[in-house]
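The chain that follows stands alone, in the form predicted alone, written as structure tokens.
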Amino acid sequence: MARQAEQRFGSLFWQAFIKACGYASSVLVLIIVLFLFSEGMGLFSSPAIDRELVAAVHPDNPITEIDEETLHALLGEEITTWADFRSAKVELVNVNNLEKKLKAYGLQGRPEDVLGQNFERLPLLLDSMLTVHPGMLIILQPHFVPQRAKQVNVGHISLGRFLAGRTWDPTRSPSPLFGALPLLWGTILVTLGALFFALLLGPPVAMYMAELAPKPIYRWLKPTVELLAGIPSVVFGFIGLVVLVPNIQVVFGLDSGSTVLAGCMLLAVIALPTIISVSEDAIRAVPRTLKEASLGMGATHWQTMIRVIVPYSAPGILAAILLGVGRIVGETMAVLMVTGNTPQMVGFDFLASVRTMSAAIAAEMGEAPQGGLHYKSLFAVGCLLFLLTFIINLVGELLVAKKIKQR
């Protein structure tokens, strides 16, 4: 009786322990996701200029707010006159062109010599310049802005420009550019190319190992595939940098071999062990009775493989491919080392350099001040990467469920 009570207590304890671990893991994942999105979405409630700067205009200028699009048009000199304000010509004064504006105003020498070591004479000078140039737009630190100048609200960074913007320049001053489209497209392009190479080798090798390989070859091939899965990705990246990149440069006559093609080939090799191992398990899980029934009906071994084994194991093979895609999308160091790390829109040019979302986060997070626009923008990229991975997994789950239902 005591033994039964002890066994029951042990069973209840382990059930409670397993449930607690499951709940704790779920809560931890939820907390991580909430933290990611809380940091990332903070970008879209932030002003479109550095948080340490303010924008100011002439006190008579009717402008009280400048949206993000207008701000970038002003900084890019696409807008040169103020609407409804005496047709005044826009004169920009910011941290980048201050010395140039001083020379245009007739003041020669270094800004420190003209304005003082701490630029204490700058507000008076800007006040005088406002009188001469009423269309002036000043974007500087608040203590440099003249008292009579009128501060204007600067629009927030928009989600639309983040998703559709074609320029990623998060360190540009005074107004950074957070166009994540080159990063998103670079990730998609590298993933599609790597998946193409992986599909050429992965499922066929798995079929060979499960159905055709002689035992001596299988005993050698199986550990080799598993060994590839255990090699750190940075080692693959180093091999790609030393071997793959120079050869691509020579073969295609490029200035640099760090291209999309190099990333595709390297990531395909990284994803192959996962695809091969999981696909082989799915193929070996096909019931022996199905194979024997097919052979008994007069089908050859090849016909049985194509018409019986492959359709039955398709959900498992599809799951293997999705796991490989997840490995490709989330890969960081290897792709950072061989793709050129250049955020640009390249279309379908596989011989151009790109930067993926994961590579951007790894390369820039160390230099992004905590809480700043750059910091928040990288979390926003992380949110985009999370959503991309989630969509891929969701579509994969639906396809696997559909395949299983069709059996």
Partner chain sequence: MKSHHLNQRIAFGVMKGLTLVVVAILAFVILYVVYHGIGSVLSWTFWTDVPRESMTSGGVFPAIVGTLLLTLISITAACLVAIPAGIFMAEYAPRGWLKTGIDIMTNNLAGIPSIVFGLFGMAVFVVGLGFGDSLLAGGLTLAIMVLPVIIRTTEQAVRDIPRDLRAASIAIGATRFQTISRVVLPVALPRIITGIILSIGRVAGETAPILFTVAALYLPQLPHSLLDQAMALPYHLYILSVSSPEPDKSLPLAFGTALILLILVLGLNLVANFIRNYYKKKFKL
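Positions refer to the first chain, counted from 1. None of these values were measured; they are calculated from a predicted model. We call the rigid core the largest set of C-alpha positions that still match within 1.5 Å between the two forms.
One more form of this protein should be noted, the form predicted together with its partner chain, which is absent from this view; the next part is about it.
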| task | Assess the spot marked by Ser26, Phe238 and Thr389: is its partner chain within 4.5 Å of a heavy atom from every one of these residues in the predicted bound form? | result | yes
| Tell me, which of Pro146, Gly179, Gly135, Gly330 has a heavy atom within 4.5 angstroms of its partner chain in the predicted bound form? | Gly330
| remark: Exactly one of Gly116, Pro287, Pro232, Pro142 comes within 4.5 Å of its partner chain in the predicted bound form through a heavy atom, and that residue is Pro232
| Interface membership of Thr70, its partner chain in the predicted bound form, 4.5 Å heavy atom rule | no
| said: So, His301 and its partner chain: in the predicted bound form, are they within 4.5 Å at any heavy atom pair? | reply: yes
| said: Please determine whether Phe35 contacts its partner chain in the predicted bound form, using a 4.5 Å cut-off between heavy atoms. | reply: yes
| said: With a cut-off of 4.5 Å between heavy atoms, is Glu226 one of the residues that contacts its partner chain in the predicted bound form? | reply: yes
| said: Heavy atoms within 4.5 Å of its partner chain in the predicted bound form: which stretch in 311-319, 76-84, 198-206, 184-192 meets that? | reply: 198-206
| query | Any chance the CA of Arg172 moves 2 angstroms or more between this form and the one not shown, core superposed? | reply | no
| query | C-alpha of Arg148: shift of 2 angstroms or more between this form and the one not shown, rigid core aligned? | reply | no
| message | With a threshold of 2 Å on the C-alpha, tell me if Ser233 counts as moved between this form and the one not shown once the core is superposed. | response | no
